[in-house]
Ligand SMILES: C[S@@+](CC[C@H](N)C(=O)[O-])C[C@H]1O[C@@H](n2cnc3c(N)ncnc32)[C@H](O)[C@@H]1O
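Below you will find one chain, with nothing else, as structure tokens; this is the form predicted on its own, and questions on how it binds or moves follow later.
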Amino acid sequence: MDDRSFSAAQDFLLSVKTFWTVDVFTKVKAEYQANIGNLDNSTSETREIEDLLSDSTTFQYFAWLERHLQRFKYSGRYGINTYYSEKRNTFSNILSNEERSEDYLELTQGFELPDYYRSVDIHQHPGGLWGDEIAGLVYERGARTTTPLMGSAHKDLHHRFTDLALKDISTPKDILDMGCGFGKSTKPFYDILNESKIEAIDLSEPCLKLAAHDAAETQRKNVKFRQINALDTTYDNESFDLVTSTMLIHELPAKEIGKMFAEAERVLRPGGRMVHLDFYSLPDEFTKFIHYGHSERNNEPFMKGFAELDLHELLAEKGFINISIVPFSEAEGVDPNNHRYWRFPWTLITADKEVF
């Protein structure tokens, strides 16, 4: 496949996704609002909304597009996975140049992936984020069009999160980025904080290789990517001043989320801070209905379990104080509480470890 054909096909899918994000979503919401009087009350449960919209051609179209635009993005003749599979040799320097990235990367021989991680092709990513050496490249390309309305502003999301994570605290000496993926969440930290030591961990070997390659490209010496499970990091107690994650929590089974918070509390120094960016704030039943549907249609089976946790109670149970759970604006000018298009329920979750 030539680059122009691939790019044209992906641009077409992005245009259709933008149409889905704004026009189709707006019509679905309008139908819901026009018919809400047919429900028992305005605080109807998601099941009742599903019954209300079950015969709606507009909603069926919305759901079909959500499922299959994602499928077409990754699979088929012009899919991202197909493109990178055909060009493996072209990207061999990224996939196999261990000598260049060895200062930035530590993999674990015989590393055992959790069952939940291997059980589903997350995001409809063929083979998951671990099953192929090109998975990191495919994931990175796919992430560019996750939020189509943001355009170039999407690059700013992680920088906005980094600024908020560092707000009102002293410059952290040691930082842990849990579930770093291909390193996009880590890069703003190691670019800005030259004197800080940054540890970035993930389960996916292909993603970690790409993250280490990019760090080696910029010759940043203050970051190390390691293949480690965030539920049991093996770091010493009280090793970090700041623990972060970006879009990790909703990809954990509900029973594992408490373990991750407990591990973050263990490795934080007294007075240290934990900051996460994820999908949690669902202000009304319609937003919840759309979000739960996304979970099913996009192969993200743990979203619902996370959304139904009492997060404040769980964090307090794990010993955190100064807990804050607030909507997050993913780009300049976006009001997370007043928007007319489809968007993720971005949420900033912050808590501190108590000083005894």
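Here the structure is a predicted model, which is why all the values come from computation and not from measurement. Numbers for residues come from their place in the sequence shown, where the first is 1.
Although it is not shown, the form predicted in complex with the named molecule is what the next lines describe.
Stretch-level contact check against the named molecule in the predicted bound form with heavy atoms at 4.5 Å: of 73-81, 176-184, 265-273, 212-220, the positive one is 176-184.
Contact annotation for Ile228: at least one heavy atom lies within 4.5 Å of the named molecule in the predicted bound form. Proximity of Glu251 to the named molecule in the predicted bound form falls within the 4.5 Å heavy atom cutoff. Within 4.5 Å of any heavy atom of the named molecule in the predicted bound form lies no heavy atom of Tyr190. At a distance threshold of 4.5 angstroms between non-hydrogen atoms, Tyr235 is out of contact with the named molecule in the predicted bound form. This chain lacks the partner; the member of Lys197, Arg141, His158, Lys87 within 4.5 angstroms of the named molecule in the predicted bound form by a non-hydrogen atom is His158. Listed residues Leu282, Leu164, Met247, Ile257 were compared with the named molecule in the predicted bound form; Met247 is the one with a heavy atom within 4.5 Å.
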